[in-house]
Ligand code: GLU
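Presented as structure tokens, the chain that follows is alone, the form predicted on its own.
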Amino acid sequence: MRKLTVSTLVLALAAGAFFGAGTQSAQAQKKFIAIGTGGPTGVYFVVGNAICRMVHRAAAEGRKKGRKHGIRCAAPSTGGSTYNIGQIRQGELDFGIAQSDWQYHAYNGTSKFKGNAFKKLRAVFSVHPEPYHIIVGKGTGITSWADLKGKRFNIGNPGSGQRGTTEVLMAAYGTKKSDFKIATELTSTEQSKALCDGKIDAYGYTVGVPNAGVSIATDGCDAKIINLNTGVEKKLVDENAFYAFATIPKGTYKTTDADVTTFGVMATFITSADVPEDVVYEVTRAVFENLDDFRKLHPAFRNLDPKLMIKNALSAPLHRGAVKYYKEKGWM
């Protein structure tokens, strides 16, 4: 919490110094928003900073044409999905990126949020698909979930979406932490290096495709991604609308010599009902009015379709600021 507060304060002070020549009334109109992302090598970090980039572009400060909405944006690295939801709830973050399953659970008060539903959670739009990967080290002999027994497996840091999905799989397979030789809690930034250094045998990761962190392991030390397409995953997909089967195409990474079938979620952009309508409207508008440029910022964004982004994998109600923009465009 302190890190986010300090980061936002530093941004505000820096912006204040930069725009010091403006009047006090102009300064009062400036809004500073914070977007929770994920690890610095993950796609969530790219999503948050890409959104900030579009917001700043729309502002067009120093140019004659532009929205002049006064919004300044920071997208610091955070613990991931459930952390972002918690910080939005506490008012420490204005927006965040979260897996579609954790958006569902938070709003409906299920899973980790049982008895603690976040009814002010609001959806803004969905972004890219996120297959759940299990990346295994060369020579480990791991070809399925069952082979992880007795191995050193990174389940992910607390608060991350990957940790949450790993725990869902563990429950579905009846796997306990004690079934692993070691169950580490490394972050997405640490796990690929740990695999290549021989400190762990495998890790689970929910992330868009392709991903720089995954390529460190696959292209750097010949790690492979294994299939997850048994009856266990089929049951999860059949019983939960926020899950779907996904394919990681052949050739995505150096060691992906055949299509990999797994299941996954969607990355979603979320906020709170307490965030003002005009702020959410301007952020939403900035992304969709510059969507062609947004798509170029990461391969996972290449096929984004606005008509799907405003409905796919969204279980919390849409924020009224987003709805205002979507109605203006005739999409709703």
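Since the structure is predicted, the reported quantities are computational estimates derived from the model, not experimental observations. Residue positions are given as counts along the sequence shown, with the first one as 1.
Heads up, the form predicted together with the named molecule isn't pictured, but that's what we're talking about next.
- Stretch 39-47 is the answer when you ask which of 65-73, 269-277, 39-47, 285-293 has residues with heavy atoms within 4.5 Å of the named molecule in the predicted bound form.
- For a residue to qualify, one of its non-hydrogen atoms must sit within 4.5 Å of the named molecule in the predicted bound form; none of 192, 218 and 253 qualifies.
- Among heavy atoms of residue 103, none comes within 4.5 Å of the named molecule in the predicted bound form.
- Taking the partner from elsewhere, residue 99 is found to have a heavy atom lying within 4.5 Å of the named molecule in the predicted bound form.
- Although the partner is absent from this view, residue 154 stays clear of the named molecule in the predicted bound form, with no non-hydrogen atom inside 4.5 angstroms.
- Although the partner is absent here, residue 166 sits far enough away that none of its heavy atoms falls within 4.5 Å of the named molecule in the predicted bound form.
- Residues are counted as partner-facing when one of their heavy atoms sits within 4.5 Å of the named molecule in the predicted bound form; in 156-188 these are 160, 161, 162, in sequence order.
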